[in-house]
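This document opens with one chain alone, in structure tokens, the form predicted on its own.
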Amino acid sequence: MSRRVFLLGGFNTPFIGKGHPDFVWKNHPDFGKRENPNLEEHLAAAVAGAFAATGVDVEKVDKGYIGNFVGELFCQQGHLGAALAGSYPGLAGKAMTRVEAACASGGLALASAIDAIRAGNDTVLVAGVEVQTTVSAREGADYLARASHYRRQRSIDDFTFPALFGRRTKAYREAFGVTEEDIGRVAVKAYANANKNPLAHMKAKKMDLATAGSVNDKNPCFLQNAEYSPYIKMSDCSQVSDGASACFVVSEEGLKAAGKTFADAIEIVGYGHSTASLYEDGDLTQLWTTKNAAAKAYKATGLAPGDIQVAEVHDCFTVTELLMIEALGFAAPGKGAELVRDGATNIDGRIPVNTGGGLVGFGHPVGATGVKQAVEIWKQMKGLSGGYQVPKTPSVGLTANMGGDDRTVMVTAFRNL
């Protein structure tokens, strides 16, 4: 990079939705007495938390980027750059921009901030927010289907994305002999990690292999598509969550202006951004776009898969985590399940993956996810993850944030200082 770029720190709000003890829905004892936080409140909480965590002076902020996918549909609110400008006193009048790339919106907001530092800015705010619990799951699935090629793929099922990844699961299992129990272990790990994370959507929900590794009354299949329904159960899905995340990306000058040192930050050593055609489907047994983005990130940084000591990867479905760790080079094609089975991806494993629960356990407020991943890597590298802190402080970390069915991917590498 032409200038060094640092992640100074950030803040994640609790990710909440159905199944979270604080989320008010029709069967909650507080139903009708209080309401869940709205988009504006989640965003304001995350931004205020990022300022508090970093000590950045609002006067020093050059610009900001916010990731959001479908605010217009779930919340009837667009123009979220202006919402970011109104989220904290002193931001009004600064340059604020919304970034949209489906579930990779947060990752691309981070990329925009990195590029802004390279271009000469010193302090850039990055945020992501999504509120998705305002409508029924079926209606929300239709909104989220905009991340697919809607005209061509919407009709696969009422729940378009679970069906698309049920299709991937079927192809993957048939190609490599991976079992339902193998994939169930991903969910068990995700929930176990989330149980240790006070901010996680599923912090109060338990998951065992008997439930996650088979179809049963507690864990049914739910698709209407007869071909793909047997391959996706409730435990295989990421959570429909509300929440927000925010962080600061700074130059060396920005670090000094905040009164911080290298010890307070992690360096963003490089990234890879790759986008595939929305109109074509590739090999269902691999994430080609992720593999391409990872190759770019490794080339830009001089790192190799074996150098990575902690990773946050996009597990929109359980099979996606297996496909991700293979595309990132942590395992050979079809061998990702062996890493999970051997405990290598556990918090105390050789390559901890999704230590706070990932999208399956921590939750998936779409526009916030890519920012949350970066904040989680910063927390792990600075020993701030509490009950889910990895035993040995990581020196090198990586995030992989995916939009749609492997259509847009941002892979970012970080080094502890």
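Keep in mind that this is a model prediction, so the values were computed, not measured. In case it trips you up, residue 1 is the first one in the sequence shown, and so on.
Note that the form predicted together with a small molecule isn't included here; everything after this is about it.
*Asks:* Heavy atom within 4.5 Å of the small molecule in the model of the complex: which of Tyr271, Tyr231, Phe159, Phe330?
*Replies:* Spelling it out, the residue with a heavy atom inside the cut-off is Phe159.
*Asks:* Tell me, out of Val131, Leu322, Cys316, Val249, which residue has a non-hydrogen atom within 4.5 angstroms of the small molecule in the model of the complex.
*Replies:* By the 4.5 Å heavy-atom cutoff, the listed residue in contact is Cys316.
*Asks:* The chain here is shown without the small molecule. Which stretch in 88-96, 291-299, 138-146, 123-131 comes within 4.5 angstroms of it in the model of the complex, by heavy atom distance?
*Replies:* Stretch 138-146 is the one.
*Asks:* Just checking whether Tyr150 would be counted as a contact of the small molecule in the model of the complex - the rule being heavy atoms within 4.5 angstroms.
*Replies:* Taking the distances in the model of the complex, the answer for Tyr150 is no, it never comes within 4.5 Å of the small molecule.
*Asks:* Answer yes if any heavy atom of Gly10 is within 4.5 Å of a heavy atom of the small molecule in the model of the complex; otherwise answer no.
*Replies:* Contact with the small molecule, no.
*Asks:* Taking the small molecule as it sits in the model of the complex, is Cys103 in contact with it (heavy atom to heavy atom, 4.5 Å or less)?
*Replies:* Cys103: contacts the small molecule in the model of the complex.
*Asks:* Should Met402 be classed as touching the small molecule in the model of the complex when contacts are defined as heavy atoms within 4.5 Å?
*Replies:* Judged by the heavy-atom cut-off of 4.5 Å, Met402 is in contact with the small molecule in the model of the complex.
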